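Have a look below at one chain only, the form predicted on its own, in structure tokens format.
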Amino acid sequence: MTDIPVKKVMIDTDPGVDDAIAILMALRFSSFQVLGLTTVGGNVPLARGTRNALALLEYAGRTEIPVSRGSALPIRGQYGYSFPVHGASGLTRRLPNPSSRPIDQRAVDFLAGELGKQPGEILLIALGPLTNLANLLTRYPGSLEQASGLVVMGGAVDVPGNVTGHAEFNFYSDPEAAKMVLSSGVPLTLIDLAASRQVAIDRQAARELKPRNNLGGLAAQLLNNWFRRDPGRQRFFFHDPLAMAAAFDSTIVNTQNVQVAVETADPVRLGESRISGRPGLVGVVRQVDQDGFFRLFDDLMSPDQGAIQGHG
């Protein structure tokens, strides 16, 4: 087998269920070197999300990976949280209280330091509201450009949202931050709702999962418990896992490079994302190789010796 180059990644996250599954996927990717998790409010309050990140890493036996706390508040106002979707804890399975603690260095300083030490080598994967990255742009100009790439889960580009008819949760949670990042001139891949709605698992398929390793077992429990919380739930969309999969293997998505505007003024359309009509540096995912994605997800369930190799 050809050796696959190691890809250094940092994950900015607000751990609810789909974030957790995405993180578990990242920990299974043998060609990923996860340098750290930075947390942000969003699905749950910052303290709970940080606790979830630490607990996931401890469960996985990966406590050497640092967790750094980010912003508890968006640029304006407060986060709305997503308790109806993810539950009050953010996770549908109770994990033991972690014995590890977040590092003292806060997320923006941690990100700037790591990017500065290894310019052009670290891929950033943003799974929650973009507050930390917006603050990075403000406090450390030029720092975000030092990333080797940026993959963002957020937005509903010219399709209906999942919080309002116009807006997706992450962008709605901090529209000012989303606007700053998408208009920053930093090239990025955007996994919006039109993309993530192309990959889902239904209740019966989740029940039939046969995990053969510790991390896959936890992912299967999180999914099945999510369905049990509400008998009306029929499909789980892999929003954040698709972003992680695309970061791991860019060939599973096709993108269109455009400029994307984010609404920050009109309260009715707050957080709406739309193409501005000109070519740009935001690679909006248009098509997803569903088989390619589910191959990666199925590998999360495979025996430990089947650690997943990458393709760039």
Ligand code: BDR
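One-based numbering along the sequence shown. Keep in mind that what you see is a predicted model, and the values were worked out from it rather than measured.
Although it is not shown, the form predicted in complex with the ligand is what the next lines describe.
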Check your understanding: in the predicted bound form, does Thr189 have a heavy atom within 4.5 Å of the ligand?
Key -> no
Check your understanding: Should Leu127 be counted as a contact of the ligand in the predicted bound form, where contact means heavy atoms within 4.5 Å?
Key -> yes
Review point. Does the ligand get within 4.5 angstroms of any non-hydrogen atom of Asp174 in the predicted bound form?
Key: no
Review point. Are any of the heavy atoms in Asn170 no more than 4.5 Å from a heavy atom of the ligand in the predicted bound form?
Key: yes
Review point. Which one of these stretches, 46-54, 63-71, 277-285, 239-247, sits within 4.5 Å of the ligand in the predicted bound form when only heavy atoms are counted?
Key: 239-247
Review point. Of Leu193, Ala147, Val151, Val181, which one comes within 4.5 Å of the ligand in the predicted bound form, counting heavy atoms only?
Key: Leu193
Check your understanding: If you check Ser143, Thr92, Gln198, Asn162 against the ligand in the predicted bound form, which one has a heavy atom within 4.5 Å?
Key -> Asn162
